[in-house]
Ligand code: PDD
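Only one chain is shown below, in structure tokens, and it's the form predicted alone.
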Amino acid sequence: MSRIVFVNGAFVPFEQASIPIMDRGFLFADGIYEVSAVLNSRLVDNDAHLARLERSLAEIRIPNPYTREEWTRLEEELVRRNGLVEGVVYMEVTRGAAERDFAFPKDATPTVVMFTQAKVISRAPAAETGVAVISVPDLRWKRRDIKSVALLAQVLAKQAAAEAGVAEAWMVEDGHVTEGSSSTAFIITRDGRIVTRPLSNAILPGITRRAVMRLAAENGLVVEERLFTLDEAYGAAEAFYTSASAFVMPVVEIDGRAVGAGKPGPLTRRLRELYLAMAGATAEAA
């Protein structure tokens, strides 16, 4: 059976889905996207993802076509139609189709596209062994807090990681790690402090990031929001990254240098267990 996708108000087979060539998402990357995880056929922490979607749309002045309740119903229906047990729901809203001109069109209707992707997240083998990352220069624009579909710098970073045979690229600006190409970067110091960059226009406000920080604080762990250098990451006791499609992923090597003992550390493992428990409870309650 063909995968079912959602395009502009209709659920259609993947092969029949299309948007106009004049869509501004295609011509200008003039759009916003969001990704929610699915566990046991239930959405995980979805309200927070929809809140971020609302904020990003407002920042670039695209009207939100649906309420949170309507978005949730559409996501749940898409999950149901595709029989998705574990994976993600991808949502994208562009400013719509209009004659190519840089200024906002006056009469365009936002384009909405949604699809599902099956992924092994909760029992990902990489989470048991840990993954390697490389560092790359951060080449992005100055409003990284907006979840824009303009992802060319991240594509180049991810391609560099793929060519290096590693899982992710950590982007570096002025000697400090900003974030991963599709994740939030964390290190754990040798005295057990969990460190991640504070929110600003320099990074995306990660939903999994926020949940992990809350869980850490609730369980008596020390969290510091501050800049950290690449050299500090090299010398960390542990490292990990977070995202909706990875949850908490241990990092055991950065630029060919082992992090700590070169295997997932105890605090990273604990944080992943805490997040999995929260995600499972969220999914059951949905």
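Predicted model only: the values in this text are computed from it and were never measured. So that there is no doubt, residue numbering starts at 1 and follows the sequence shown.
One more form of this protein, predicted together with N-(5'-phosphopyridoxyl)-D-alanine, exists but is not displayed; see below.
In the predicted complex, at least one heavy atom of residue 243 sits within 4.5 Å of a heavy atom of N-(5'-phosphopyridoxyl)-D-alanine.
N-(5'-phosphopyridoxyl)-D-alanine in the predicted complex comes within 4.5 Å of no heavy atom belonging to residue 95. Looking at residue 130, you'd find every heavy atom of it more than 4.5 angstroms from N-(5'-phosphopyridoxyl)-D-alanine in the predicted complex. Proximity of residue 208 to N-(5'-phosphopyridoxyl)-D-alanine in the predicted complex: non-hydrogen atoms within 4.5 Å are present.
Considering N-(5'-phosphopyridoxyl)-D-alanine in the predicted complex, the lone stretch of 174-182, 105-113, 78-86, 191-199 in range is 174-182 [heavy atom distance within 4.5 Å]. Note on contacts: among 33, 66, 28, 228, the single residue with a heavy atom within 4.5 Å of N-(5'-phosphopyridoxyl)-D-alanine in the predicted complex is 33. Of the listed positions (135, 122, 72, 154), a single one reaches within 4.5 angstroms of N-(5'-phosphopyridoxyl)-D-alanine by any non-hydrogen atom in the predicted complex, namely 154. Scanning 133-167 for heavy atoms within 4.5 Å of N-(5'-phosphopyridoxyl)-D-alanine in the predicted complex gives 140, 147, 154 in sequence order.
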